[in-house]
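Only one chain comes next, encoded as C-alpha cells, the form predicted on its own.
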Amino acid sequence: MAQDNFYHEPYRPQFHYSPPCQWMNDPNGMVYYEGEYHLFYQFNPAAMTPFKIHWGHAVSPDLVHWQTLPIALYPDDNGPIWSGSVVVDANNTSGLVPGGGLVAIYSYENQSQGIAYSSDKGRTWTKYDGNPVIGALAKDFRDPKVFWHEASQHWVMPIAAGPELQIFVSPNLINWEHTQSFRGGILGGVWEVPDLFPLEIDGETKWIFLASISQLAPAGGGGVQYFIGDFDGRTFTYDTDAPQLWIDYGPDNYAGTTWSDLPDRRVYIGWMDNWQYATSLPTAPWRGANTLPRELRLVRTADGIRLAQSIPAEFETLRQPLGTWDDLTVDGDLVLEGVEGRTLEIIVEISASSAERFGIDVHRGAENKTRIVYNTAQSKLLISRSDQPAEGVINNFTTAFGAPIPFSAEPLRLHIFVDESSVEVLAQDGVFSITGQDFTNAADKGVALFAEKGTLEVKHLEIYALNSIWGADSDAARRADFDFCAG
C-alpha cells in the first residue's frame, strides 16, 4: 500500500464508495440526520475476508463525496455485528436518547437482535444493557429494517427469517410484537435485507417491500426482488399472482436498502458484488464497493406499476463534457476518436436498428472490452464482460447478463455509468437496471458504437468524463484513511 497511490490503485472505484482498506459487504444503517447522509456497512478491519464483522461508517453532505469515520460498532460478548438499520428517535420513545438521537437495530451473528444508541450524530455508540432485545427466533433471522409508522404511532420492523419475511412492531424499539409472516414466492435459498417504504403515484400511496434472495436471481447468485402492495401498520398485502419483479438484472447489486428519514425522496444503494466470487476479486488493499445511490419512484408501464431508478442530480457536479452527437448512422464499428476514459457517463437514445446486435463498447482496448449490447432475436439488453485481468480468471464470473426489454416503436434510452471496475446501465428511464463489475486493464479506455448485420440509428448521444471524488480537495481525508489502514 503506497500513500501516493492511495485511492487510485488498480480497479479502485473513483465515484463509488469503497472502504479505505480490508473487507466490505452489505450497506446498512443508512439514515439522514442533521444534514448528513450516514452510510454504515459490514466491515472487517483486519482482513479482506468476511469474518468478525463490525459496522464501518462514512458520512456525506451530498451522496457523492464521502468521509470515512471511525468504526461505529464492534463485536461484543454476543458476537459480531451483522446488518441492520438506524432510525432517528426524535421523541426518545426508547428512553435512551433524551432530547432525541440515533438508535441502531442490528443482528448479531448468532441471529439475535440488539440495539445501540448515539447522542452525538453517530460519532460514538453505546450498546443497550439489555441486549439482545429479540432472541434468535429462526435459523436465518436477521437484517432488521426499522421505521416509524405515523398513523399507527409505533415502530415497524421488517426482518428476514430464512425462507420467509416477518414484521414486528414496537412502541419503544425494545419490546417487540410479531404481526405477520409471508413467503412471497421465494425461488430458493433464504431471504435477506428486507426494506418496506411508501411511494406515491398519481396521488395514491403504495408500499414497496424489498428483499434480497440469496440464490437463483436473473444473473445467477443473489439479487433483490420487490413487491408492490399496501401496508396498514401491521400487515403487508400484495397481489400474490403478480410476476417476480427485480430491482436489477445484473449480478452485482445485492443487499440493497434505502435511507431512513429523508424528507423529500427515497434513495437506494446496494452492495456491488456477488457472493459467488466476492472473496476472489483482484483488488487490494480493499475488497468491496457500493452501487451508485439511486432515487426510486413508481411509474405506470404497459405491464403495470413498476419501480424506476435515477441517479441523484448531485452526481452531475462531477461531469466534464467530452462530446454530443445527433442523428448518427452506424454500420459496423464506429470508434469515437478522441473520446476515451475509465470513468464515464453516457446518455444515448437509439431510434431504430436493423442490426442483429448493436450497442456501445466501453473500457475498450486491444484485447478486452465491456460491451453494452442489445440482442434483437432475444429482445434483451445485456452487459458482456470479457475480463482477463493480469491477476487471472475470476471463478464463477458471469460473462453476460441482462434484462428483457422490447425495442420496436419506442426508442431505446440508456443512461450508463462507467467506473474503473464497474458498469451500471439504467434503461427506459430507469425501469430496468443492470449492474456488473468489470476488471479490464487500466490502458483500456476506448469508446465505440457498433452494429452487426445491419445498421443502427442513434438519435442522440452525449458523453461526459467523471471526475474522481478522491481528487486534490480530498487529500486530508485520504491521508487520514491511509493512516487508519496503516495502523
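Just so it is clear, the model here is predicted, and its values are computed rather than measured. In this text, residue numbers run from 1 along the sequence as written.
Below: the form predicted together with beta-D-fructofuranose, not depicted.
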Practice problem: Have a look at 120-128, 219-227, 306-314, 250-258 and name the one stretch with heavy atoms inside 4.5 Å of beta-D-fructofuranose in the predicted bound form. | Solution: 250-258
Quiz item: Just one of 39, 53, 458, 426 has a heavy atom within 4.5 angstroms of beta-D-fructofuranose in the predicted bound form, so which one?
Solution: 53
Practice problem: Heavy atom within 4.5 Å of beta-D-fructofuranose in the predicted bound form: which of 246, 397, 207, 275 fits that? Just give me the one. | Solution: 275
Self-check item: 4.5 angstroms heavy atom contact with beta-D-fructofuranose in the predicted bound form for residue 89
Solution: no
Quiz item: residue 291: heavy atom within 4.5 Å of beta-D-fructofuranose in the predicted bound form?
Solution: no
Exercise. Using the partner position in the predicted bound form, report whether residue 363 sits within 4.5 Å of beta-D-fructofuranose, counting heavy atoms only.
Key: no
Self-check item: Partner proximity in the predicted bound form: residue 82 to beta-D-fructofuranose, non-hydrogen atom cutoff 4.5 Å
Solution: yes
Self-check item: Sequence-ordered residues of 121-156 touching beta-D-fructofuranose in the predicted bound form, heavy atom within 4.5 Å
Solution: 142, 143
